[in-house]
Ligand code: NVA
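Next up is one chain by itself, shown in structure tokens, the form predicted alone.
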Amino acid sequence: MAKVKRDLLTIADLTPEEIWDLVLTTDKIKKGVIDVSRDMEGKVLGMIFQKPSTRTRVSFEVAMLQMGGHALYLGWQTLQLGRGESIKDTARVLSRYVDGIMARVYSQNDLVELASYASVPVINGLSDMYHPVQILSDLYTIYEAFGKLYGIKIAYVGDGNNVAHSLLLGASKVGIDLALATPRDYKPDEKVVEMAMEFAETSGSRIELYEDPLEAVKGADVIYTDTFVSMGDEAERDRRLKTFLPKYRVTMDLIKSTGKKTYFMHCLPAHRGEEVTDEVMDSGLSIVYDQAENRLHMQKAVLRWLL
């Protein structure tokens, strides 16, 4: 029987069991328990980039190389997409050349269209709504740090953006408690919150929304933040910073207010002095570089599963 094509457009696409399988596979890959050096032999991943990238591009490209395959960097403006070719036609043509497509784009709707016309798996490398590959590797980083996921509490402080959306879905799927502290005008999307609440009913996780960071971080095992000015939001920079600063900046005082040892996480790139201080970023409580490294190991697990 032919394998049914799967895409990874959002963590909502995954069952809790599939998330756990990816986390445990990532652990085995990182520790060298399983050899994946030939898993992508003869396979090519097409990588479409509409937005700049460091970790997503490098982790996927290195993953394909180390697994015996090849990755093609395809800038949006260097493809005919930049001259108006339809996503439908691009998807159909690329499917004749490559074994999978990873796309980092502005619009989630473009990804959905790409996946609907591609006959090969499509991976969301970041969109305006979701960043699933980031949060999957973050779940592994938390598992690596604590040896478990269920019952861990994450406090997310900042903008209710694509990272917050994927964190909501990921945490609620696996039983992590999540408290989000966001300004009133920058709350996460209501539909995503509703989905997370539904998943939480099954997993037992608690999802809480706050405006006050001090309330959200009480008892947190992890404090997580992201930039206050995401790609595409540059025109709003001044207004955003006036809203977020200094209340939502992660400082050592905020971390100490949790009442326990609390790790700091950030998906990077960090705007030091805005959403987080140098003292926190460079402290022994910061596991941001473990997060960054684990993107590579999780990408290998994702590629192995989909391709």
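Sequential numbering from 1, following the sequence displayed. Remember, it's a predicted structure, so these values are computed and weren't measured experimentally.
Here the subject shifts to the form predicted in complex with ligand NVA, a form of this protein not shown in this document.
Colleague: Find the only residue in L126, A220, L167, I176 having a heavy atom within 4.5 Å of ligand NVA in the model of the complex.
Modeller: Spelling it out, the residue with a heavy atom inside the cut-off is L126.
Colleague: Could you spot which one of A63, L254, I29, C267 gets a heavy atom to within 4.5 Å of ligand NVA in the model of the complex?
Modeller: Flagged contact: C267.
Colleague: At 4.5 Å between heavy atoms, is N162 in contact with ligand NVA in the model of the complex?
Modeller: Taking the distances in the model of the complex, the answer for N162 is yes, it comes within 4.5 Å of ligand NVA.
Colleague: Is M231 close to ligand NVA in the model of the complex, meaning a heavy atom pair under 4.5 Å apart or at it?
Modeller: It does: once ligand NVA is placed as it appears in the model of the complex, M231 has a heavy atom within 4.5 Å of it.
Colleague: Any of the heavy atoms of T227 lying within 4.5 Å of ligand NVA in the model of the complex?
Modeller: Yes, contact at 4.5 Å.
Colleague: Picking from 146-154, 126-134, 210-218, 168-176, which part of the chain touches ligand NVA in the model of the complex when contact means heavy atoms within 4.5 Å?
Modeller: Contact-bearing stretch, as computed: 126-134.
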